[in-house]
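Next come structure tokens for two forms of one protein chain, structure 1 first, structure 2 second.
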Structure 1
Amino acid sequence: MNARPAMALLAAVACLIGAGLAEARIKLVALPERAATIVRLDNARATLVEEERVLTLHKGLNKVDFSWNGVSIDVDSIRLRVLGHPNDVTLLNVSYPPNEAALVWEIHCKDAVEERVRISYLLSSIDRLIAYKGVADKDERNLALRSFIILRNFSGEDFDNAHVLVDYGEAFDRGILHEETKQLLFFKREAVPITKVWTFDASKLPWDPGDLENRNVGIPVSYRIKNDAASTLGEFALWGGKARVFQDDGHGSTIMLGEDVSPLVPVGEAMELYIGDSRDIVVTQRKMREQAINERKTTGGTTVLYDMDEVIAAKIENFKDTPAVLTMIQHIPGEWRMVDCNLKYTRKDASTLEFEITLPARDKNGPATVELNMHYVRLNLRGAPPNKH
């Protein structure tokens, strides 16, 4: 057998406990069994354990010894609640013996009684993870979504059977041993609608693939899942966790599309899972003009303020045999004014423009091509413009 520290609850008559708490203690005690244990995992930072036991108490003063050798319990979190006869059984005080992971409750009882008590405490090194698995259909319109809960118990304590609760979904009964990990299916939805999103962010990706010497630029692809009723979700926030996404290949099998970690997704918001890069959409972006204009000078002729007239030209090619919608993000820092832009955009913040560009599928003549031409002026730049010798 593996010798391992564990928790013990010892109920004893006061006179049988040794001479003093500060010295070696001799205990002759009854060992009350756990009646019910609840492991509550609704807080990612700490796990709350509640256990119920039946104490055999005699009339007068009782001492109940609770020890947890080798188990990491937050000592200040330990609570005792009398369930059966709260008016007759009174918790008087709590004592902490020196150099021991233990405490002693002094309980006064009006009559001899078998009393049910609930002990609760925060226990370290036992927690849960959430993992998702999604299988998209071949058309990439719906996702069979499953969520798993993974219990990890490295607390030092075996739980032969526990009622495990999280903050949503159904509770379940499971035993989990020390150093054991258990994975359980938590919920499943058969057809969650998904939106496929391609994103080119001009501040993150290379502008001209021609400069890259025969290397590809991948356009990030994500699946967007709305946490709402229309998506058969929306009952609770989806906890953050690692998601692995697969796709039905149409032959009774799947391929793996990719994986990502999602943060917690509140009801009404969307989970966005970045699964991989598309190399079938190619963006070639170039700056065609960068000209200082409207220069303001000191009486000595030094330029102190100017505007910059800039032209960006981007060619977007879709080599796929299906249409796609590319989200293109452009950045213009500082103060600026758009002179002319051939595509519609949304201003996301002071310096970020977002274009939603619909790309048809390629045809027999080649890729579908859309061009973006953006002429803008950056205003009131200070100092001398670049290229000015």
Structure 2
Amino acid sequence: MNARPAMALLAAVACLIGAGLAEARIKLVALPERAATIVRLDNARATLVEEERVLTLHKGLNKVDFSWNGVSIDVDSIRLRVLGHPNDVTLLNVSYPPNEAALVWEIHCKDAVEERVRISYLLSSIDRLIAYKGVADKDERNLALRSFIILRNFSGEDFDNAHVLVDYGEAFDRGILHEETKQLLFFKREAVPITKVWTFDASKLPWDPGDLENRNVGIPVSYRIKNDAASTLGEFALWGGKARVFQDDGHGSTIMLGEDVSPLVPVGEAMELYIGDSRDIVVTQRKMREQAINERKTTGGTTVLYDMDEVIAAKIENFKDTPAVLTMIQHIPGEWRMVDCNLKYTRKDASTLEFEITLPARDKNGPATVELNMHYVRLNLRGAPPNKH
């Protein structure tokens, strides 16, 4: 441990023999070295530190003074556990001297003993980030996936050697000093199957290229990775983190495709990594009908409630020489009822529909085309209809 102000377990104190010493708080300067240190990084907001020390305890009552300076410890989280002789060594109580970053444990021993104890606490300003690196093969079928943990220690405390645990991947033994940052590889998979998907969100992208003087609109493209056993994953949730994706260029090097930030991906769910926009798929979507129906009026003839009958038609064209998968997201606000839809969809929430559309490759006659027709009624809209047809 460095000499600068830092956390310090000051000592097991001498046995209290006389009544005059009973109220005294005795600090010794000998520092028991950590016998072992475990740093748990399961929670992104709080780091749990467990350290084991060997205390020299005397027969009778002992006081152990634990203090910390320049280190952000959650005082309420500090715990001491007796490991070696739990039947002979008893933790009686803990007190907190006023205006000090310290506490005092009173421990009773049947006999003099060297006792191993475990002290645990939550420590601030030591945390971790997760980063991913993926390299797709030239055919974009598999991805070599690497996950790195980036340790950052600004806690004020040095850890010369610690057993670092996360909730998945391999644990590792590393020291990390105050104001030090380390990046460590903690899990890798060589060939994770990927699906290249295009995503058209009707609330974000233009509907009709004709309104843009027929300028083609780029559609976001992502690699989809399923967190399951078939993908050599699925043992645990994948933490969220920044991901950089590359592709083998077929000449012994790689090209960077994109950078994205992935959220936490539970087992069974999919991670989607954005790699850029593509103009190989064109979506032309139009509203074919918007008609107020079932108007409810007051006795004076004013419409106060109505339904809206709407029809959406979309043409999806694939100009690629290979099949493609388009995720199409549609939004219907408020209360609604589907009358007819020619494609299967998943209702993600009250107002969001998601279509997974597989597009064949183009052929000699031109692009492959799939059409979506969606007829629905929005219910119980208040006020007068904006227009009538």
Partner chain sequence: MKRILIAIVLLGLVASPAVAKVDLVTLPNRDTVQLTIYNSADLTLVRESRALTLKHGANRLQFSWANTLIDPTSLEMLPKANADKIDIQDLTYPPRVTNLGVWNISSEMSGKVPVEITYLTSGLTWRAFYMGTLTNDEKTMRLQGYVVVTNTSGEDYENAQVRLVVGKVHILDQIAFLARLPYPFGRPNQPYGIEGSIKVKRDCMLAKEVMTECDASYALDEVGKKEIIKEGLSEYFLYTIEGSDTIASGWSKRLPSFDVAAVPVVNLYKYEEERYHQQVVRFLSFANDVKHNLGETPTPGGNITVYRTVDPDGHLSYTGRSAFKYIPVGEEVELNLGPVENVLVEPTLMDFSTANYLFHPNGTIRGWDEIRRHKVDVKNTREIPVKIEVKRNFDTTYWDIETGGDFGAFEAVDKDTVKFTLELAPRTNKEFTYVLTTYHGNRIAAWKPRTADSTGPN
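We call the rigid core whatever largest set of C-alpha positions still superposes within 1.5 Å between the two forms. All values reported here derive from a predicted model rather than from experimental measurement. Every residue number counts along structure 1's sequence, beginning with 1.
Matching structure (the form predicted on its own), either 1 or 2: Structure 2.
Core-aligned CA displacement of Tyr306 at least 2 Å between structures 1 and 2: After core superposition, the C-alpha of Tyr306 moves 2 Å or more between structures 1 and 2.
Core fit, then Arg224 C-alpha moves 2 Å or more between structures 1 and 2: Shift of 2 Å or more: no.
Exceeds or equals 2 Å, Cα of Gly175 between structures 1 and 2, core fit: It does not reach a 2 Å shift.
Rigid-core-superposed Cα shift at Pro206 between structures 1 and 2, Å: Comparing the two forms, Pro206 shifts 2.7 Å at C-alpha.
Value in Å for the CA shift of His375 between structures 1 and 2, taken after the core is superposed: It moves 8.1 Å at the C-alpha.
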